[in-house]
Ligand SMILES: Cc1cc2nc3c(=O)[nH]c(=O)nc-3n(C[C@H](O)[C@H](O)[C@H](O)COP(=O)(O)O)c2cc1C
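Listed next as structure tokens is one chain, alone, in the form predicted on its own.
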């Protein structure tokens, strides 16, 4: 059974978006191979920053002067058959806790230098390293990886050479959004295929790595998603204005979760009135997209009224319907199904728009 050391460098630990992507890969590896996985969460580990004193290079054993958990982690690192680094892109590099772990690996080297070719040198290794493969999983909040993750890719290529596969994932904020799973499904499918491929053949096809690095959402939609996810309160805003802006941002984000395959009818209109805030919208649902209309003068004549608290009982909200346009009779079952997609199936719950 091969030993995998997973170095989780995200400040969010187990809740990391990158960690979720890494787990999809590991799940398929475990289906087709036998692995023992041990995880180090850098943000929770007792690891101090390197002092740069080089004490570890000046003594025969390579012992660091700092008394913390890093000594045992080095032994785990040396004994691993497979190393996995998992972290988000922070200012075009690794997060600070992850960098502390990386810096404290200095004792695995001897202080001397040796030639790698006529013009380059490196430190020889103090230990016989058992790992035969290294994976790096890194996600970023940018739309693409070009020019945003080049430094990370180069750093790990220098550290591990041909042993390393660097798996870069753009639009990282989408990875943990369960309402956008239909958009990220291809990315996770490619991650699982990559894990299965390595377990079976010890290789990952380049086309799989490229598909993982392909944005899940087009650039304009992603910019709208980020804009809707980052409401900034200005000094001039009152509490009511800030609250209204957060409500507006919620519905701008909600539009992007719309899965066109939900509705079989060509056109539907969902109108939502917020009773305790002066806000009323219509969502125009088609077989291709969802459009948010906030200008009442642009509203469709069809009206579907949804009370602020529509209680879920056995998964069916209480809706009231009125219409003055018989050509746009709603399919209530499909509308109910659409609304219910935004909640956990089988859970009795009240959704409050307030």
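Not measured: the values here are computed from a predicted model. Numbering follows the first chain given and starts at 1.
We do not show the form predicted together with this ligand, though everything after this point is about it.
With the partner removed from view, the residue among 173, 213, 184, 282 that has a non-hydrogen atom within 4.5 Å of this ligand in the predicted complex turns out to be 173.
Looking at residue 88, you'd find a heavy atom of it within 4.5 angstroms of this ligand in the predicted complex. Taking the partner from elsewhere, residue 198 is found to have every heavy atom lying beyond 4.5 Å of this ligand in the predicted complex. Mapping the unseen interface onto this chain, residue 107 falls outside it, with no heavy atom inside 4.5 Å of this ligand in the predicted complex. Although the partner is absent here, residue 127 sits far enough away that none of its heavy atoms falls within 4.5 Å of this ligand in the predicted complex. Heavy atoms within 4.5 Å of this ligand in the predicted complex belong, among the stretches 88-96, 75-83, 239-247, 111-119, to residues of 88-96. Of all the residues from 124-153, those having a non-hydrogen atom no more than 4.5 Å from this ligand in the predicted complex are 139, 140, 141, 142, 148.
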